[in-house]
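Shown next as structure tokens: one chain only, the form predicted on its own.
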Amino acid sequence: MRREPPRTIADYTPLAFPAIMLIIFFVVPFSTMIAVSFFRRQQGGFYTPDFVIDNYGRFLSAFFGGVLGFSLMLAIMVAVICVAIAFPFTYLLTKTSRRVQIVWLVCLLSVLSLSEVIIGFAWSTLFSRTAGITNLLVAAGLMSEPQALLPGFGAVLTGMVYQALPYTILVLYPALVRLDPTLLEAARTLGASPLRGFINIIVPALRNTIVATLIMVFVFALGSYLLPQILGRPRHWTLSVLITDQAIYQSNMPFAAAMAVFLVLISLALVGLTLLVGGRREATA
């Protein structure tokens, strides 16, 4: 079927409500945040309307560069680990019966219903010394005494991977469930092992999907706020935590707004890259 282009103003009516919502809940707040990012901070936590670039000039400091570098590194690691775990798991899930798939999908949706606070405190309990998983290792004779596994980078990474993994699986599932099963069968017929067929056939066939999923999980992890605070030390805080610290505790709203603008621009650029990858995938399909 051929899609007819809009010809009259009435044809654009269905777009009116989404456009109004976008303007009210994104354009107006984002524009206000951009304006505040150029304001001048006064003593006592106040700020006055002005046009100064000092707030953006602080991006060149070593402290901000360290926080930004750590945030990007952590988000990249979370994205890579999630896709590395979710892709083979989702592929094997699509090979099971429909009933098994439904059970797993319901379990994943139940995990998504948990808030970041619940996930953070649940992992803090599991990593604690008194009631953590190291007590099981002591009972098994693998450790002499229980130890606390937090706060630390490993605890932050584990919690963020746990939070993002269900999203990753649910994004990969539609593409893998629609994959032509004869591709792997043809590879097996030509003498390829299941593992080699998976790596050489399945992975390249879904290359664009994998890239789009990596970008999506990266954007999701980049905005993590509570888990780095609950499971990590101050040096493990991400850019989102620093924005809140500057806005609430340091009363430096202009600098917090400048960092928020920077974070939103990074997220929008990555979302645009995801749409570009998806557009190329549809064009080559």
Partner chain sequence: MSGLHLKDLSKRFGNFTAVDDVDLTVPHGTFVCILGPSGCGKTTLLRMIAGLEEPSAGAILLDDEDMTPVPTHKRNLGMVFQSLALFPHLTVGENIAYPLRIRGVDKNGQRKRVEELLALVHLPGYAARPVSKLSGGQRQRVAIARALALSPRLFLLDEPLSALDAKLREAMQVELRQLQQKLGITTIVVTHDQREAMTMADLVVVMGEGRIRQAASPIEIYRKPADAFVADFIGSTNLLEVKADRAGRAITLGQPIAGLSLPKGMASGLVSIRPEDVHLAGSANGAFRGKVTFVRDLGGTIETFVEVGGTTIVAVTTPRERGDIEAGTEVGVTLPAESCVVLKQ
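Numbering follows the first chain given and starts at 1. Computed from a prediction, not measured in an experiment: that's the story for all the values here.
Keep in mind that the form predicted together with its partner chain is not shown, yet the notes after this line are about it.
Only one of the listed residues (97, 115, 189, 130) places a non-hydrogen atom within 4.5 angstroms of its partner chain in the model of the complex, and that residue is 189. For the options 166, 197, 120, 151, the residue carrying a heavy atom within 4.5 angstroms of its partner chain in the model of the complex is 197. Of the stretches 100-108, 68-76, 158-166, 201-209, only 201-209 has residues with a heavy atom within 4.5 Å of its partner chain in the model of the complex.
Residue 144 falls outside the set of residues with a heavy atom inside 4.5 Å of its partner chain in the model of the complex. Using a 4.5 angstroms threshold between heavy atoms, residue 85 stays clear of its partner chain in the model of the complex. Contact annotation for residue 171: none of its heavy atoms lies within 4.5 Å of its partner chain in the model of the complex. Among heavy atoms of residue 183, some come within 4.5 Å of its partner chain in the model of the complex. For the stretch 78-102, the set of residues having any non-hydrogen atom within 4.5 angstroms of its partner chain in the model of the complex is empty.
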